[in-house]
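Just the one chain here, laid out as structure tokens, in the form predicted alone.
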């Protein structure tokens, strides 16, 4: 029986801790980056050639884009690891969910008297726990980096100031907006990825041959855009956090 679950399905347990199909996919993404990074590090050359030249060109382009937001190359190089990690992690989680076997290989389970299909793997971003955790990490990292850049008290003045009622109210709104960022970040990414997953499942069920192919390319594009939006918003908020309030 075809069933679309808004929550991640449990595959097994380890010491009472549930291991879901989205968590398995996330572990696969982490393992993929560990292997690729080790292979790239071992083949680094002083004079770049081949794939290293491509990677260095991409990194230079990203740093140039970050310069436009942060204002200087030194800051861009300092915060590049955070922004690049977020982008690569989100886009890989989105694209892994489109690979053959994801969502189609699994087992049947009896649920409320009906036999339902449980896939072994689902896109990590199709789980609200994943997107919420990533949003919390993003927002908290921005706050800590802001404190490290301009100091605790100067950073706190952006949210808590008592010079006059207007600035007090504006600061309170800014503080509330930081909480709202976590919600908007998580639901935006989750909603787009989950909707794409539902679309692919329905199209594959109704017309399993050839017709779903254009939708796969659409999901590749959506996965890229969502990763770019998540990383760029983090970058913009970071640029605001590491600059003194005027």
Partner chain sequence: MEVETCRMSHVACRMSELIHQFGIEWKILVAQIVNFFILLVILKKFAYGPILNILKERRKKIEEGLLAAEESQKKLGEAEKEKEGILTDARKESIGIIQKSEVTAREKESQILTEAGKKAEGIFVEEKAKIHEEKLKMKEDIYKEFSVFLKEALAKIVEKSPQDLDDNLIQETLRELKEM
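Here the structure is a predicted model, which means the values were calculated and not measured. Residue numbers count along the first chain shown, from 1.
FYI, the form predicted together with the partner chain isn't displayed, but the following is about it.
K.L.:
May I ask you to state whether residue 23 is within 4.5 Å of the partner chain in the model of the complex, using heavy atom distances?
P.N.:
Close contact exists here: in the model of the complex, residue 23 approaches the partner chain to within 4.5 Å, heavy atoms only.
K.L.:
Residue 143: heavy atom within 4.5 Å of the partner chain in the model of the complex?
P.N.:
No, residue 143 sits far enough from the partner chain in the model of the complex that none of its heavy atoms falls within 4.5 Å.
K.L.:
Would you check, heavy atoms only and a 4.5 Å threshold, whether residue 91 touches the partner chain in the model of the complex?
P.N.:
Judged by the heavy-atom cut-off of 4.5 Å, residue 91 is well away from the partner chain in the model of the complex.
K.L.:
Quick check on residue 168: any heavy atom within 4.5 Å of the partner chain in the model of the complex?
P.N.:
Residue 168 lies outside the contact set for the partner chain.
K.L.:
Mind telling me which stretch in 159 to 167, 143 to 151, 128 to 136, 172 to 180 gets its heavy atoms within 4.5 Å of the partner chain in the model of the complex?
P.N.:
After filtering at 4.5 Å, what remains is 128 to 136.
K.L.:
Each of 107, 115 and 218 having a non-hydrogen atom within 4.5 Å of the partner chain in the model of the complex: is that the case here?
P.N.:
No residue of the spot touches the partner chain in the model of the complex.
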